[in-house]
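Here's a solo chain for you in structure tokens, the form predicted alone.
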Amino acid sequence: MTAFRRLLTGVAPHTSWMLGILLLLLVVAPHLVDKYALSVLILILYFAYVGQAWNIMMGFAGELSLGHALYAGLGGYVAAGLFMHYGIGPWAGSFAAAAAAALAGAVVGYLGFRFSLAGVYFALLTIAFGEFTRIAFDHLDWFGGSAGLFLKVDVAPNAFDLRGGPLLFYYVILALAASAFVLSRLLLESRLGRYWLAIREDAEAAQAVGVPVLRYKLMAVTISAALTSLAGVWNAFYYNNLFPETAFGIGRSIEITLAPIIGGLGTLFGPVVGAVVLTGLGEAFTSVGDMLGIPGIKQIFYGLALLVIVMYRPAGLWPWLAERLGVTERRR
């Protein structure tokens, strides 16, 4: 009950109503749309979730990571490996996945922060660890090596083993996205969140007034990594396959960062708005490319659209949109 009161603290009544209506629409949406629209909604929720997880580290604590695919890949591989070899379901495997990703995040974070790496140098460290892990998994036969790891699909639908159709995965990723939103709100209103914001604005000043900067930076990394690993678990069981070059690839890391950057770093709704815009643009340009039959047109116009958004809305789309909707959230 205390957590619920903290969640609503500072939220205008009309904002609460908007959140309630949005959640209700998302709950009933799968029963009102066709299969294609459902697949688009699933992608939106996935990118909203991973964007929220990354936003904790970058938007709240100010630590740039361009290697978050490391944590998603670890999560997927750990849970899938336990399921394939030992029959341990993904719900239980998620705990092992989150622990492995948190440990990896702690190692990356400690090395970076202990040696005072910041900004682009810390980002390069995260990329390097992702690439090291990709190369390592290419040679780990237990995880399928470079040939990939494939999950069994010829089994009866079972929610406990995440075996089922798109509807099951929709509600799972909806629950994850909603939980990440609530958790982010609670973290921001906590002492931990205030310390993160102080560190983001000026780490040296925060250190001078007694904030244990290294400890709280590590907490941001480990929490973000653990949450991202759950997206990796979901992704592995949704697509039923894993390959090192895609699971740990830099392209996946960039995908994770785009929604909060486009939507608005350091905001709660930014990753959600960014996910809607990015997925919508991607699907629209895919349709245009298929219709015109011009290879690469999606990538060209998609890149141009992102460039325009970044140039004219450098703070993200959500702060601008929130002002017009009368929503109280601001960039923190």
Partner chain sequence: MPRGVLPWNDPIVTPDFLLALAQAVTKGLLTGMVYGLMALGLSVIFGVMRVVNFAHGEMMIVGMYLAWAGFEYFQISPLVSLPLIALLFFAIGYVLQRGLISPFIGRPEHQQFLLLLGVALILVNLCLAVVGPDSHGVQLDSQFDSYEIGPLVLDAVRLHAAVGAIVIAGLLWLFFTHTRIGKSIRAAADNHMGALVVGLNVRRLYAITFGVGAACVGAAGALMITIIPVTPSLAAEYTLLAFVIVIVGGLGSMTGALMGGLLIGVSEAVAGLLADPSLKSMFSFGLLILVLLLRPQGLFGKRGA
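Positions refer to the first chain, counted from 1. Nothing here was measured: the structure is a model prediction, and the numbers come from that model.
The discussion below concerns the form predicted together with its partner chain, not included here.
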{"item": "One stretch from 268-276, 34-42, 281-289, 298-306 that, in the model of the complex, holds residues within 4.5 Å of its partner chain by heavy atom", "value": "298-306"}
{"item": "Among the candidates Ala156, Val120, Ala147, Ala175, the residue which, in the model of the complex, approaches its partner chain to within 4.5 Å (heavy atoms)", "value": "Val120"}
{"item": "Heavy atom within 4.5 Å of its partner chain in the model of the complex - the one residue of Met84, Ile250, Ala96, Leu183 that qualifies", "value": "Ile250"}
{"item": "Trp91 within 4.5 Å of its partner chain in the model of the complex, heavy atoms", "value": "no"}
{"item": "Close approach of Leu64 to its partner chain in the model of the complex, 4.5 Å, heavy atom", "value": "yes"}
{"item": "Partner proximity in the model of the complex: Ile294 to its partner chain, non-hydrogen atom cutoff 4.5 Å", "value": "yes"}
{"item": "Its partner chain contact at Lys152 in the model of the complex, heavy atom, 4.5 Å", "value": "no"}
{"item": "Residues in 27-55 close to its partner chain in the model of the complex, defined by a heavy atom within 4.5 Å, in order", "value": "none"}
